[in-house]
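One chain follows as structure tokens, the form predicted alone.
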Amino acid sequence: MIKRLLLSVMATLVVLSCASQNNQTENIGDKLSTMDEVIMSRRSIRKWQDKTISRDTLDIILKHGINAPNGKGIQAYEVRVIDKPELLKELSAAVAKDKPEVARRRGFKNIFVDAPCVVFIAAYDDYDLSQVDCGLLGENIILSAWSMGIASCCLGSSARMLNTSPSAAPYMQKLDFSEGYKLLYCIALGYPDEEPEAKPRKEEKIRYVE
């Protein structure tokens, strides 16, 4: 009788264990499917809706950003955010004093592809892999934003203009990066007003080494 009871209990445990593993597998599959959709559907956007991103939403996105992997755990970057279109317009006007050509584009609003919100990412000069940290941080920000329906565009040229524009110096001071940090790139954020097709990727860039 006891033997039968023990066998019954063991059989039940096996069934429950299998069911649990199946549920875990299904949950992982769901997560992977969602991540695949986020990564494969993301596009660089340059046209935006007239809609503000709430700071609560930005806080979540930025928290996801700083939870990216980083060398030695030192987070060799600093992040600044401007979510006021008027301030972005002022900053862009300052750059345009030194580089008038940047404002000649039809419908020009700012040097950040007219985005209503911009994340500024600075790298720490004294750590040779800080740019890797900045890249990982930015990718987390981009994917997190897109998972919430917020589009993005990475901007190296905007950072280059800011770093070399004398008229923009007061705005760079306003960003207040710590000593040893230099603006590396910017991420434009906003709700998309276009749906561009994906550009082809060269899969031959990937190769297994035997």
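The first residue of the sequence shown is number 1, and the count goes up from there. Since the model is a prediction, treat every value here as computed from it, not as a measurement.
Below, we turn to the form predicted in complex with a small molecule, even though it does not appear here.
Novice: S44 versus the small molecule, in the model of the complex: is there a non-hydrogen atom within 4.5 Å?
Specialist: Taking the distances in the model of the complex, the answer for S44 is yes, it comes within 4.5 Å of the small molecule.
Novice: Can any non-hydrogen atom of K202 be found within 4.5 angstroms of the small molecule in the model of the complex?
Specialist: Output for K202 is no: heavy atoms all beyond 4.5 Å of the small molecule.
Novice: Would G156 show up as a contact with the small molecule in the model of the complex if we use heavy atoms at 4.5 Å?
Specialist: Contact check for G156: yes, within 4.5 Å of the small molecule in the model of the complex.
Novice: So which stretch, 61 to 69, 44 to 52, 143 to 151, 165 to 173, is the one near the small molecule in the model of the complex (non-hydrogen atoms, 4.5 Å)?
Specialist: Careful reading of the contacts points to 44 to 52.
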